[in-house]
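The chain below stands alone, shown as structure tokens; this is the form predicted on its own.
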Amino acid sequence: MAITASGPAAADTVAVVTATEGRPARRPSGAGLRRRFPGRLTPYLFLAAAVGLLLLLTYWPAANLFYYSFTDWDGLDQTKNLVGFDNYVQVFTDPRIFSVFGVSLYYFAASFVQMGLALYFATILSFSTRFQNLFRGILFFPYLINGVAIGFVFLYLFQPGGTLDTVLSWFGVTDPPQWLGDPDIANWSLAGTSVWRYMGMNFVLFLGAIQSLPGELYEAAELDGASRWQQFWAIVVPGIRRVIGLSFILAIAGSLSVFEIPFIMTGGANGTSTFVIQTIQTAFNFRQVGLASAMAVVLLIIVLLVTWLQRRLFPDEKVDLT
């Protein structure tokens, strides 16, 4: 079939139109391409503002961070002297700096408790339970509270003669430990506060993933006589494996970058200083912005490396539960 047209419109729309097999079907004319050109640019124009803000507010400061890490800038002086890799060498050789990574182990261990409790409650409340909406709200509520407010609440809870000591005295504990003053206990107290603060986020992730599993799987498992525990290991855990992996990555990143709770409750005293607190004190208290920038870059590389290792060791696999 051949289509013909007369007049100027014919030149703007179709130069050659043919449906014969083996021949070019449609070829827009130059004027048609010019008319389509602004339309093709529309998606890029919508993206331009967002990408521009992302480059300006995220990647440009990150590029400056890398540059500062190779200088001895104090944050105030106009001159910045290049010092090469001296800041990075100091990060890895100064025990005062690198040893604070040991504090992150408390939060890393606590994150497993946090994910275990969140998975436990999410599994129970995914089934029909009385007052399940009330319990869901109670478990998620701490995550909605500002971290500064949580820090002050638990500061009064753990202080000598505070709420926790009063409750323990009802059970005959007359000499409670210094929850925030003893270096052997302070980090566990702060890690426990972090568990209370962030368990709600893991709970919501696990609950949404469990509820997305097909209900027919549970019905088939019950017909086969599977117990709740067997359903959990055969249906729930394989079905939410990706969410568990995501939570694990977030736990690693969170344990390495803990800041607000120890900063508010102890200010990094009594052996509770984390790497982020140490970085901020280096930058603003000791006026070593170059060294602090190198510490931030090292933290970023460690988080990326651990995430890459986790993805290599435990890759996402397509799970077929049918």
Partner chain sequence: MAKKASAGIALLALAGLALSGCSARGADAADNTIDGEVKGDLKVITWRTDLVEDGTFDDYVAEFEKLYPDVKVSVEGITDYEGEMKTRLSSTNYGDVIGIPTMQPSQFEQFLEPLGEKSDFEDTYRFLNTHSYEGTQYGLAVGGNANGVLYNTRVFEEAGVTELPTTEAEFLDALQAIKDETDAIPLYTNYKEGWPLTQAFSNLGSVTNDPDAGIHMAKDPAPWTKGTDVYAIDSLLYDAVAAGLTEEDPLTTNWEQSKVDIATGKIGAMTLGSWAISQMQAAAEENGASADDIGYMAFPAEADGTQYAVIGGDYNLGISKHSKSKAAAWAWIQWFLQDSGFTQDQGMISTVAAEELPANLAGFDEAGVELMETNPAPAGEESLLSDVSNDSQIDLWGPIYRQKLVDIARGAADGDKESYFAELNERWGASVEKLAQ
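Just so it is clear, the structure is predicted and the values come from calculations on it, not from any experiment. Positions refer to the first chain, counted from 1.
There is another form of the same protein, the form predicted in complex with the partner chain; it is not shown, and what comes next is about it.
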- Could you tell me which of 70 to 78, 191 to 199, 212 to 220, 240 to 248 sits within 4.5 Å of the partner chain in the model of the complex, going by non-hydrogen atoms? 70 to 78
- Here the chain is shown alone; which of Gln178, Ser169, Gln231, Gln132 has a heavy atom within 4.5 Å of the partner chain in the model of the complex? Gln178
- Message: My question is simply whether Thr123 lines the interface with the partner chain in the model of the complex - judged by any non-hydrogen atom within 4.5 Å.
- Response: no
- Item | 4.5 angstroms heavy atom contact with the partner chain in the model of the complex for Tyr59 | no
- Message: With the partner left out here, check for me: in the model of the complex, does some heavy atom of Leu164 sit within 4.5 Å of the partner chain?
- Response: no
- Message: Would you classify Ser99 as touching the partner chain in the model of the complex, given a 4.5 Å non-hydrogen atom cut-off?
- Response: no
- in the model of the complex, do Gly137, Asn146 and Ser257 all reach within 4.5 Å of the partner chain through at least one heavy atom apiece? no
- Message: Only counting heavy atoms and a 4.5 Å limit, does any residue of 282 to 305 reach the partner chain in the model of the complex, and if so which ones?
- Response: Thr282, Asn285, Phe286, Arg287, Gln288, Leu291
